[in-house]
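Presented below, as structure tokens, is a lone chain in the form predicted on its own.
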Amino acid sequence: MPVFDLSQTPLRELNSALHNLGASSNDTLFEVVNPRGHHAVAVGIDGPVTVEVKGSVGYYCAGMNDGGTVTVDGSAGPGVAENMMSGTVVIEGDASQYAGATGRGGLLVIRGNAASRCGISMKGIDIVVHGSIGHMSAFMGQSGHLIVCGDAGEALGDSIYEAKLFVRGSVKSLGADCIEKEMRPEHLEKLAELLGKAGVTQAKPEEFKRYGSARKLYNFNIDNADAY
């Protein structure tokens, strides 16, 4: 198993090694030690490789991930798993703002809390937060699922499109065009599936409320443009 010590090895060497793995490579598990808050750790992975980061990271960890599994044994700075395409990213601690932003696929699991704008402009990613999230989360969320086992801050789902939001705790306020919606059997089934994948054991699907678009924004009906 290759081990990269970022106190001695340039970050560029780690990311280069991850980018240059061939289809027949035997290196499928990488360990990163002493990350020391480095930015852009394990970005641009495009294959089924596993990266275990032993410590906290800075900006944009695991950005553009496509098929990899990245686990951070610590907390993550802004933009973790930004624009992820597929695969899994797990943050054992907390995540800073805009976690999972513009993500198009895959699963992001945050075992602590997430700051503001979690899931902003999400486009198919599934995000499960064991704790709470900050304000303006899922702003302009287009598709995918945001599941919050704790509370949500102000303006949840502002200007949302078709993303599905599930919150177990309280919601400080809903953003423009975001409303509470009926929880149907298919939603409970999907919740159970994603909670299971994220290792959530303290919450049941029936304890969540669902939120989504009222479909009143101008992008649904141009006659509503004057309201904004």
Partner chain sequence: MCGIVGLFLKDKSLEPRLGELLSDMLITMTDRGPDSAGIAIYGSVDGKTAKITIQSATPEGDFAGLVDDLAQAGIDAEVCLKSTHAVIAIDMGQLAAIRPVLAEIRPNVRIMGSGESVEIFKEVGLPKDVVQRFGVRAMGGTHGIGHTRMATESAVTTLGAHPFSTGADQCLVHNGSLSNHNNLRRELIREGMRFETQNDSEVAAAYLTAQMAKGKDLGQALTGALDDLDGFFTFVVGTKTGFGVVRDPIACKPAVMAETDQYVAFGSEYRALVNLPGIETARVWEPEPATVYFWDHDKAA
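Positions refer to the first chain, counted from 1. Only a predicted model underlies this, so the values are computations on that prediction, with no experimental measurement involved.
Not pictured, yet referred to below: the form predicted together with the partner chain.
From the list 180 to 188, 56 to 64, 156 to 164, 198 to 206, the contact stretch for the partner chain in the predicted bound form under a 4.5 Å heavy atom rule is 56 to 64. Every residue in the set Gly37, Gln97 and Ala115 has a non-hydrogen atom no more than 4.5 Å from the partner chain in the predicted bound form.
Taking the partner from elsewhere, His135 is found to have a heavy atom lying within 4.5 Å of the partner chain in the predicted bound form.
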